[in-house]
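First, one chain by itself: the form predicted alone, in structure tokens.
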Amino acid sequence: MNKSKHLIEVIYKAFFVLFFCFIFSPVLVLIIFSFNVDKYPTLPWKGFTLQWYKSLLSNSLIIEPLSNSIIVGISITLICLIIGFIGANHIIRLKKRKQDIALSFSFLPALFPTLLLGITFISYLSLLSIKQGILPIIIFQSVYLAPIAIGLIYYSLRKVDSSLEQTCYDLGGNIFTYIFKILIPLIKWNLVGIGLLIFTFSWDEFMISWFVSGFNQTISIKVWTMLKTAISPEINALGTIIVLFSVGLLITAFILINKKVKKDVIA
């Protein structure tokens, strides 16, 4: 019996190792060939170089999409945190059944395919005669990502002792005292983690941005354009930077989101 159980565990571990190798092998190939001397991603390996990164950093066509992505990401992060905090605070004050219903409805936009949302958003712009650009990207990505912020902030608020609010009122405080001096300081690292996660999603989002951006490219659209127009080793270098940056943000975000909340905020 023990031998069978051990064999099953070994099979499970081997399966997961092979699965993750299969998933991440293209990313590993991308990173490896970004340092290859040869212009084309072919074997055998021709030698190590950093010239594609130097060429990428000196490429003025990359600067504008990069700046656009940073502006969009920061704007969406702030908007989603504000909407998410207000929405989560409202939901957590409801009865349990109503909380479940409200959370289900709040997640609806995030459940729709981004292709369908992109088509819907471009139709909405045409209906309102609004020009494509950075502002529509910020608005519609916020619509898509705000539900994620609401859900994550809601689960962060559940870590907070519900009696703290009444204690704050008993000590002479008000709702603003509770929110800004107690609640936000308690979950501040969770909020930072959620903000980093939203920024990462915005940074990598392509479909919605492509439909509503017009001539204002983000970094994800720029990568797609480079792949469509020409094969360049700079794409490998840019892809490597984006992957490593996104993975770093995701790891940091998950660590902060799962950070425990202190219990002794009121002395």
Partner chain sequence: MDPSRNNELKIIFGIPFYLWYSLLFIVPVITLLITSLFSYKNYQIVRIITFDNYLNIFTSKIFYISLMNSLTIAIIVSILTTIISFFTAYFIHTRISEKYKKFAIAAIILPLLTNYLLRAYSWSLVLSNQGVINWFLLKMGLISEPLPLLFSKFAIILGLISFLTPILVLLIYLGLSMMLRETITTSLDLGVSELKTVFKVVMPQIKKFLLIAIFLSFIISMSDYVMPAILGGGNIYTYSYNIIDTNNINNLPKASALGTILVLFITIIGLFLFRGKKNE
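Fair warning: this is a prediction, and the values are worked out from it, not measured in the lab. Residue numbers count along the first chain shown, from 1. C-alpha atoms forming the largest set that superposes within 1.5 Å between two forms make up the rigid core.
Another form, the form predicted together with the partner chain, is not on view; read the next lines as being about it.
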Identify whether the partner chain in the predicted bound form is within 4.5 Å of every residue in the set Tyr154, Phe199 and Ile208, based on non-hydrogen atoms.
no
Does the partner chain get within 4.5 angstroms of any non-hydrogen atom of Val27 in the predicted bound form?
yes
Is Ser75 close to the partner chain in the predicted bound form, meaning a heavy atom pair under 4.5 Å apart or at it?
no
Would you check, heavy atoms only and a 4.5 Å threshold, whether Leu66 touches the partner chain in the predicted bound form?
no
Taking heavy atoms and a 4.5 Å cut-off, does Ile257 contact the partner chain in the predicted bound form?
no
Taking 4.5 Å between heavy atoms as the contact cutoff, choose which of Ile134, Val160, Leu191, Ala146 touches the partner chain in the predicted bound form.
Ala146
Neighbours of the partner chain in the predicted bound form among 118-144 [non-hydrogen atom within 4.5 angstroms]:
Ile119, Thr120, Phe121, Ile122, Ser123, Tyr124, Ser126, Leu127, Ile139, Phe140, Ser142, Val143
Determine whether the C-alpha of Tyr12 shifts by 2 Å or more between the shown form and the other one once the rigid core is superposed.
yes
